[in-house]
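Shown next as structure tokens: one chain only, the form predicted on its own.
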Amino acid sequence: MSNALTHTELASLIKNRAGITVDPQEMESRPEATFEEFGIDSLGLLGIVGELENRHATRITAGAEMSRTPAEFIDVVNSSLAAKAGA
């Protein structure tokens, strides 16, 4: 089973941590769309990073909450999780 973050999981985290409903298929189909376009700010992302760190018992790369797009955020998070798995 993969621990990789998906667009569906990210949309769920956004709903739970920031209270904003985002269509995961829209995020995935528009990789250039920014979090700002979806109504999510860096504070909301910071809460999501904290939740992911708790779930996976690992630190996510510093600055992940400054990612401009969901695609960029997923890449940073999955790189952190892959580094932990390979450690």
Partner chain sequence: MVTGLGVVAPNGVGADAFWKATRQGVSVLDRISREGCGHLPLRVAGEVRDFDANIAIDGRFLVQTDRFTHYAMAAADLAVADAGFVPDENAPFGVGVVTAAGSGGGEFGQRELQQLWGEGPRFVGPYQSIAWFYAASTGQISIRGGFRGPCGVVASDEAGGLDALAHAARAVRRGTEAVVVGAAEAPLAPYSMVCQLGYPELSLGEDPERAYLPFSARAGGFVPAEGGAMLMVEDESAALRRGAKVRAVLAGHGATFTGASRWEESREGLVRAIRTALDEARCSPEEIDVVFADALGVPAADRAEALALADALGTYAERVPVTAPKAGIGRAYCGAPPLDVAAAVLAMEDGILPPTPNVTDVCHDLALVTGHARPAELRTALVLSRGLMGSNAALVLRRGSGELR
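Residue numbers count along the first chain shown, from 1. Computed from a predicted structure; not experimentally measured.
The form predicted in complex with the partner chain exists for this protein as well; it is not shown, and the discussion that follows is about that form.
**Q** With the partner left out here, if you bring back the partner chain in the predicted bound form, are H7, P31 and G86 all within 4.5 Å of it by some heavy atom?
**A** None of them does, since no heavy atom lies within 4.5 Å of the partner.
**Q** Answer for D41 alone: is it within 4.5 Å of the partner chain in the predicted bound form, judged on heavy atom distances?
**A** D41: contacts the partner chain in the predicted bound form.
**Q** Taking heavy atoms only, is Q25 within 4.5 angstroms of the partner chain in the predicted bound form?
**A** Contact with the partner chain, no.
**Q** Taking the shortest heavy atom distance, is M66 within 4.5 Å of the partner chain in the predicted bound form?
**A** No, M66 is distant from the partner.
**Q** With the partner left out of view, is A62 within 4.5 angstroms of the partner chain in the predicted bound form by any non-hydrogen atom?
**A** Result no; A62 lies far from the partner chain in the predicted bound form.
**Q** Can you tell me which residues in 12 to 30 come within 4.5 angstroms of the partner chain in the predicted bound form, by heavy atoms?
**A** N16, R17, A18, G19, I20 sit within 4.5 Å of the partner.
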